[in-house]
Each structure stands twice: as C-alpha cells, then as structure tokens.
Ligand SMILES: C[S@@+](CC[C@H](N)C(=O)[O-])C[C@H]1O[C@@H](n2cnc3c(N)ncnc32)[C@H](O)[C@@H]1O
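Heads up, the chain below is alone and in the form predicted alone; it's given as structure tokens.
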C-alpha cells in the first residue's frame, strides 16, 4: 500500500520554513530523518508539553485520558508507550490501566529527562517504533500519542505492532489531523498552517519546529488508508474516533484472539 496516498509531501517553501528541522520531514531518507527527529525533540523538550497544553487549551490531557480508556478491556501484561518522549502519556496509562508501562523512544536523552516527572516503575528502552526490540506477544497493548506521523511507514509499523501485541490485546494511536470538508476545514487549515507556528513562537517555542510538525500532519495518509493498513496488518474492530472538529483522531484496533 502506498503510504503517500492522501498525504501532502512538503514543498520547497515548507522545507525552508522548517529550516534546520527540514531533514525530519516526510519524504527524506529514514537515515537522515531519524537523527533529525531525535535532535529536534531533544532541543524543544523543555517547552514541548507546556506549549502543547496552551496551544490545545488544555485539551491534550483529555485526549490522552481518552486514549487510556479506549484500551480497555485488556489481557494480562504490560503496556508499551511508543515514541514516549517526555512521558506525557505514561501517567494516564498507569492511572487508568493499573499495570506497568514500558517506554520506548529514539532518544535516550528524552527518556532520561522524563524520569524526573514519572513515578518509579516505567522502564525505558531506546529503539525505533517500526523495528521493536521485543519478542512476539510481549504486550497487552500499545499506545502512542502524537507520533504516528513520524514513523518510517504505517504499513510496516502496524505489522510490527501486531507482532508484539498479545492475542486479544489492543492498540490506540492518537495524532493530529487536518479536518476535511466545509468551511471548518478552510478556517482550521489557515490557523494550523499560518497562525499556530507563529503563536508557538510568541509563547517561547521554536517556530521552525512547529512548521515542521504542521507539515508532518499534512503528510499523514488519509483515514481510509490508515484503517485499511490496520486491517491488512491483521487487526480487527478498527475504529477512528474524531476529537474536536476532527483536528485529532484516535485509531483503535484489536488483535484477534
């Protein structure tokens, strides 16, 4: 399946706005994207959670809590927090599911930094989300918050998630979307592409980083492509749940068994 279907790969103007973070954009070879993504998130990690909370008017916490609820019920076993980064998803998972959470991220520095905010008991492993260093059937569930668009490719990612999730286990993947249809789409796209990076900069963030993240959302495959890729990987009960104005989506699926 062509992962680009429905996505908008960045043009040269977008790459120029993303500046030194442009190597992390979709369409770049993974050997260049991976270190660029790691470097960018390490640079912005000090302000990342604060800015996201302010830019979403605090809704990001509600979205993460909803992701944790969507994983129930589960078979026994730990949960994998994929592309865990600053660890913002760990507490909602632990509080709701009452089981260990394993954190995985490209960046060892981010994983260490997150330990300062987390209670003991969430082991951290450095690795790539599409090439997981775990045995088959290792986890009751896999969760991911706002990182699907940074994967190497959704087809390979979903197959890998199916491999490490136990029979009867679930995946829940939360990420931004560009709404489709009507006047809402036009207004939101204007805000998202033109206003949000400037607002992030005004609030003390790295404008180029947010230019890059806006472009990465636009490059995500369509919902139809993502849902088909989940089914092709072997998942059932696939569902895409919209958040406010369709600007976020929660993909939920279960491995049969």
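For clarity, every value in this text was computed on a predicted model and none was experimentally measured. Residue numbers count along the first chain shown, from 1.
Although it is not shown, the form predicted together with this ligand is what the next lines describe.
Participant: May I ask whether 37, 105 and 150 all come within 4.5 angstroms of this ligand in the predicted bound form, judged by heavy atoms?
Facilitator: Contact check passed for all of 37, 105 and 150.
Participant: Taking heavy atoms and a 4.5 Å cut-off, does residue 155 contact this ligand in the predicted bound form?
Facilitator: Contact with this ligand, no.
Participant: Is residue 191 one of the residues lying within 4.5 Å of this ligand in the predicted bound form, judged by heavy atom distances?
Facilitator: Flag for residue 191 set to no.
Participant: Can you work out whether residue 28 and this ligand are in contact in the predicted bound form, taking contact to mean some heavy atom pair no more than 4.5 Å apart?
Facilitator: Outside the cut-off, so no.
Participant: Is the gap between residue 160 and this ligand in the predicted bound form 4.5 Å or less for some heavy atom pair?
Facilitator: Outside the cut-off, so no.
Participant: Given the stretches 94-102, 162-170, 72-80, 124-132, which is the single one in contact with this ligand in the predicted bound form, using a heavy atom cutoff of 4.5 Å?
Facilitator: Looking at the partner contacts, the answer comes out as 124-132.
Participant: Determine the residues of 41-73 with a heavy atom within 4.5 Å of this ligand in the predicted bound form and present them in sequence order; the list may be empty.
Facilitator: In sequence order, 41, 48, 64 come within 4.5 Å of the partner.
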